[in-house]
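Read the single chain below, which is given as structure tokens and is the form predicted alone.
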Amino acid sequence: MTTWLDGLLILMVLTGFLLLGSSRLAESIRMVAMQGLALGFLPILLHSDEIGIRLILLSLGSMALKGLLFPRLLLRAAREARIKREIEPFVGFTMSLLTGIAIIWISFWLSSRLPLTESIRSTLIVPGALFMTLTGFFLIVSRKIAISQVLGYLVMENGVFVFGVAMAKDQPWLIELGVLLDVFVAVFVMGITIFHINREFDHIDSDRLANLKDSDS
């Protein structure tokens, strides 16, 4: 199981670098969806000796929210807003990749300084979680488009999820915190959609939208 676990964490790091270097929103959303689907297997890999209903529901819920629902909402928001790529971010893509290298070094350094319990099954779990958390935060502050910032928030929440699942035996409230973050992301995505509707129609009253008529009629 350790080999599969390490491979999954390496995949998380690679997708993080792809997000840092990509300007196309559709590709970035698919990378985040891949992260979400892969993270669904994490609880089972970490706690394979105590698989139960709660663990299976946690895995399926993570896949459904992170791998399917949120990416679909973001793709729809990007399509309705007619945005295909991130243009002129606050930090360029080459510099973002270099920042990613610095982040992964910082993550391993911080991991070596933390007093970890013996329940941690892989030496890559904490560095991987820190990398995703810091990478997500960097994407939030370095991108201009709101959808890109939501992607950064999702990546940051994935890092919290990894750390929470890894420490579930000692700190179970971290899992619930991850669920609350998922709910906040859903509200965040809805806010983006409402913002674009408000920008186009100067209001978000559905009753007033019913009064719109075709100019040719």
Partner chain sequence: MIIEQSLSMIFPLLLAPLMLGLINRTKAFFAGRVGQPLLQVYFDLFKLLKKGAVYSRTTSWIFQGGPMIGLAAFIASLLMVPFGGVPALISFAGDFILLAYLLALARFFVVLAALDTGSSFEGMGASREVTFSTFAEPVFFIAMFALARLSNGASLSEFLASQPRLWAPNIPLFFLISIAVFVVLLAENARIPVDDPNTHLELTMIHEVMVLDHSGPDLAFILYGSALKLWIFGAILMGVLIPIKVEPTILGQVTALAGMAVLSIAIGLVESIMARLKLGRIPPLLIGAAGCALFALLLVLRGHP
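Just so we're clear, the structure is a prediction, and the values are computed from it rather than from any experiment. Residue numbers count along the first chain shown, from 1.
Only in words, not in the display: the form predicted in complex with its partner chain, which the text now covers.
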{"item": "Heavy atom of residue 108 within 4.5 Å of its partner chain in the model of the complex", "value": "yes"}
{"item": "4.5 Å heavy atom contact, residue 141 to its partner chain in the model of the complex", "value": "no"}
{"item": "Its partner chain contact in the model of the complex: residue 77, any heavy atom under 4.5 Å", "value": "no"}
{"item": "Its partner chain contact at residue 98 in the model of the complex, heavy atom, 4.5 Å", "value": "yes"}
{"item": "Every residue of 2, 93 and 127 near its partner chain in the model of the complex, heavy atom within 4.5 Å", "value": "yes"}
{"item": "Contacts with its partner chain in the model of the complex, stretch 5-29 (heavy atom within 4.5 Å)", "value": "6, 7, 10, 13, 14, 17, 21, 22, 23"}
